[in-house]
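Given next, in C-alpha cells, is a single chain: the form predicted on its own.
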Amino acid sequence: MKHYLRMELKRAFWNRRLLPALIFGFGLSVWHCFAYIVPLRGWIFAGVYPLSAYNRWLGGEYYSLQSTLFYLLVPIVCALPYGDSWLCDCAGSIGGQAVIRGGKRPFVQTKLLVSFLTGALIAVLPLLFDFALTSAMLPAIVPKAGLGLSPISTKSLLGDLFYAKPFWYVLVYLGINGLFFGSLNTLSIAAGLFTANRYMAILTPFFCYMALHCAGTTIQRFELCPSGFLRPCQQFITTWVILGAEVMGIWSFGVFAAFRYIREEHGMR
C-alpha cells in the first residue's frame, strides 16, 4: 500500500488541475480582501470600537458574495484534480496493472485516502490564507460576547472556545472543514467505481452536499445543512452528533461501495 500511496499522492499533487482548483480559492480570498476588507480599514482610526479580523475573514461572515461562492462551489473544486482518477485508470493501463500486481483492496483504499487528502487541502488552504490576509489588514481583537458584533453565540458549536481563545477556534474549525470536505470528496471515487461518466463522478460530492442542504431547508432543520454549519461563523448551528453522523454516513457509503466492488470478480470495471 505504501507504493500505491506514493504513486497516487504524486498523481494528485503533481496534477495540472490542482493549480486551477487552488487558484479558485485563493482568487476568491484576494477578491474578498480588496472588495470587503480594505474598505473597512478606515474603522481602525475612526475612534470607535475596531472591527476584529475574527468576524470579517472569509469564514467569519456569511453575507459577502465571495463567502457564498466558496461554500457553494468548494465540493466541485475539491473533486476536480483527482475525482475522476479511477475512471482514468479504467480507460488506461495504470489501474489494470496496479490491480494485477497488488490487488484491488489496497488500490481502492489508497484512492479513497488520497481523495480525502486532496479535498481537505483544497478546502482548507484558501481559508487559512484568507484568515492570514485579513489579520494583516484588521486587528485580531478577541471578540466580546456582550457587544453583539459576532454572529457566534455561546450556544454555538465551540462558542465558549471562540470567545476564550478565538485563534484556536479558527484552527479547530478549519480542521472540521478539512474533515468534512475531505470525506465528501471520497464520494467521487465511490461514484467512479460504478459509473463510466467522469462528470458524474466529479459532481457526486456536490450533489450529496446540495441534497443535505435541500433536505434541511425543506423540513426546516437547518442544523442539517453543511453549507451553513461548516462556515466558522456558523450561519446554521449544528451539534456534534449531527456533524459526526453526516461524516460517518459519507464514509460509510464510500467504504460500502469500495468493498462491494472489491468482492466482485472482474477487472477494473
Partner chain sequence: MKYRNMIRLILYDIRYFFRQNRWKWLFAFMIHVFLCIRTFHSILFYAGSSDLLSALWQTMGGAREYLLSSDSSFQLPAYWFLFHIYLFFLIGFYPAGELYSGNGQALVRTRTRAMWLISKCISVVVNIVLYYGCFLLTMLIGNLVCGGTVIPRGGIIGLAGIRVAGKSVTELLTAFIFLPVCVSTALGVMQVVLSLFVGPVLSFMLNIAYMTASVFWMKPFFIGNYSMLYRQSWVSGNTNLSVTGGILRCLVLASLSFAVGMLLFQKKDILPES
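Positions refer to the first chain, counted from 1. Everything numeric in this text was worked out from a predicted model, so none of it was measured.
Note that the form predicted together with its partner chain isn't included here; everything after this is about it.
The partner is not drawn, yet in the model of the complex one stretch among 108-116, 124-132, 194-202, 166-174 has residues with heavy atoms inside 4.5 Å of its partner chain: 194-202. Contact annotation: of the candidates M137, A140, I76, A145, the single residue with a non-hydrogen atom within 4.5 angstroms of its partner chain in the model of the complex is I76. Taking the partner from the other structure, its partner chain in the model of the complex has no heavy atom within 4.5 Å of any heavy atom of V241. Put simply, V38 is far from its partner chain in the model of the complex: not one heavy atom of it is within 4.5 Å. Not displayed here, its partner chain is approached by L80 to within 4.5 Å at the level of heavy atoms in the model of the complex. Contact between F26 and its partner chain in the model of the complex is not found at the 4.5 Å heavy atom cutoff. Each of R56, L72 and F206 comes within 4.5 Å of its partner chain in the model of the complex, counting any heavy atom. Contacts with its partner chain in the model of the complex, taken as any heavy atom within 4.5 Å, map within 203-220 to L203, F206, F207, M210, H213, C214, T217, T218.
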